[in-house]
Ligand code: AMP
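Below sits a lone chain in structure tokens, taken as the form predicted on its own.
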């Protein structure tokens, strides 16, 4: 039998959510590779890129304790020897027009570009991703279909703090007051799950959007979509599997989360 490689791509600032991906990879593969690379081509806001947390020494310590076999730590020049131009060559279709694709133009082209390059370097059997980035997971699957990369995509559950906040590297940028307030995003998703009924679901979306705004958030969107293809649902037949998705600024930090509703 050959070596089976499990790969966990990250941008560093590692937390228990990342470690859970590594632990799952370790159970299923004989060799576990983690990459740390803050990818400049997926940031459509330079300030967000400049402020992205970098904690490399702590990250390496966490990887060692988690039993990671290989850390790939490339420079920007190594990943983009011809420069960082994103040429929009991945035909992502509808997925690039809604939600994160709408509010972060060019973001998913950058994601596809870097994951494609990483998978050309690391011959992974399995690629491990977190469900918190729901749309990104779908985009990466689409990119792999387009490029015919023969790697299995394994989506792992979102890990949460005790108050429900989805674990994220960006949480490090929240001050104490903002951090306490951030639990309201998961509460909003849970409210949608509890209160959704067949029929017109736009009033529910609007109610949650306004509630977040009244609590001091600046929401980009509160949406309910098909869990299978992210088509936006306004009238629910009670049968289609749904996912609720929220993106909102808490101060200067933009947080995203989602929750499957059935």
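Because the structure is predicted, anything quoted here is derived from the model rather than measured. Residue numbers count along the first chain shown, from 1.
There is also a form predicted together with the named molecule; it is not shown, and the following applies to it.
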Does the named molecule come within 4.5 Å of any heavy atom of residue 10 in the model of the complex?
-> yes
4.5 angstroms heavy atom contact with the named molecule in the model of the complex for residue 157 | yes
May I ask you to state whether residue 52 is within 4.5 Å of the named molecule in the model of the complex, using heavy atom distances?
-> yes
Answer for residue 254 alone: is it within 4.5 Å of the named molecule in the model of the complex, judged on heavy atom distances?
-> no
Heavy atoms, 4.5 Å, the named molecule in the model of the complex: which of 77-85, 127-135, 173-181, 96-104 makes the cut? Say which one.
-> 127-135
Residue (of 71, 146, 122, 167) lying close to the named molecule in the model of the complex, criterion heavy atoms within 4.5 Å | 167
